[in-house]
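Coming up is one lone chain in structure tokens, specifically the form predicted on its own.
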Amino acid sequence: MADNEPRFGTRAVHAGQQPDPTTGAIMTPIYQTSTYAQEGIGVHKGFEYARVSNPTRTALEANVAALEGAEYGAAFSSGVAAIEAVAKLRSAGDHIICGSNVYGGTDRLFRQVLSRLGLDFSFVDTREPQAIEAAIKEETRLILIETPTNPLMHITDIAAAAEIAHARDAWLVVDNTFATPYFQRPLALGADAVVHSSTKYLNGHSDVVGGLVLTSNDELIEGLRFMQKSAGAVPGPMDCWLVLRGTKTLHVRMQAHDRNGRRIAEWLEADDRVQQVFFAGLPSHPQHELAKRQMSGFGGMLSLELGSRERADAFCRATRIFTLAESLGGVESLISVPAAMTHGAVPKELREEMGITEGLVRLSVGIEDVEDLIEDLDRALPR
């Protein structure tokens, strides 16, 4: 960090924002408009039409770019829309490598939608750099990884993946939704771009759907801006304002998520009713040392194996504070069964190949009092 560069919490509160020049309002206004008056034909104040740009969206893009250490940001209407925009910067015949243990929506987008448009995909276990290297083709132009992955918390060596990508003139794009820029900075490790579902921790309050791409690559941002204008999958100003409100407390919330996540993971691992706990912050995690090297914390996402769908169902029905729901990253604690929910659209044989069993339960640990959360889990775990 440069001597005069504000630290993370200061950037979270202030980056990309100035008091409104008209009124002095401290909070960025919600510019609820579809178009802008022009002083003359082609003469305007930087804004022409809201699909192309909006001042509230511009503030959000600049804010999260500052948190990721990026020069540019591009906001989209969802995390999947953000990933789609990146993938569509490649052309028919290009080859894309994707992690095999990614969010079900990403898997579905690639396998069932974009593969029909002439893009070629390979799905590999990116925990092993050699597996990425082995999947490279002459036509490879993009490598997309999640780390930690959803829901098994696999860790990919970002620096190693970047080296492999750049040796073949391909982009490395990292889905940083779980770790957030507070705990992990993929661009500093060599990634070309970072994607987020801003629905999750960036917003943090389960009241908006959105996505972001952050990069310092001029070619990438030029393509993303064109994609915003041409495909139009952009967020509205109210959605941007809600995420911008959320990022102001990101550093405070992530500390609480991490603190609670560690306590609960340790407690679950010691309970003989649980077969296995998936949390990169545990010393027993096979990639714990790598996680410690490239992350400064582990957040509030973890999964546990209960051995059967019946036990998983009983557990989810019995919790009182953990709410059975999809999504994650809000201040409230959520519980889900990935095989039936987030990855329900993935064919059963493929889910099993990915390691997503019927007895796997995913927890999004919120910021409630951790003793209440542990008591809730203890009461709900099947004997």
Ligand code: P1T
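Computed from a prediction, not measured in an experiment: that's the story for all the values here. Numbering starts at 1 and follows the sequence shown.
The same protein also exists as the form predicted together with the ligand; that form is not shown, yet it is the one meant from here on.
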{"item": "Proximity of E326 to the ligand in the predicted complex, heavy atoms at 4.5 Å", "value": "yes"}
{"item": "Interface membership of R11, the ligand in the predicted complex, 4.5 Å heavy atom rule", "value": "no"}
{"item": "Non-hydrogen atom contact T342 with the ligand in the predicted complex at 4.5 angstroms", "value": "yes"}
{"item": "Contact of I221 with the ligand in the predicted complex (heavy atom, 4.5 Å)", "value": "no"}
{"item": "Contact segment among 175-183, 234-242, 132-140, 251-259, judged by heavy atoms lying within 4.5 Å of the ligand in the predicted complex", "value": "175-183"}
{"item": "Contact test, all of G16, N63 and N217, partner the ligand in the predicted complex, heavy atom 4.5 Å", "value": "no"}
{"item": "Residue among S100, Q294, S206, S78 with a heavy atom within 4.5 Å of the ligand in the predicted complex", "value": "S78"}
{"item": "The unique member of G73, G299, G246, G210 whose heavy atoms fall within 4.5 Å of the ligand in the predicted complex", "value": "G210"}
{"item": "Residues within stretch 138-169 having a non-hydrogen atom within 4.5 Å of the ligand in the predicted complex", "value": "E146, N150"}
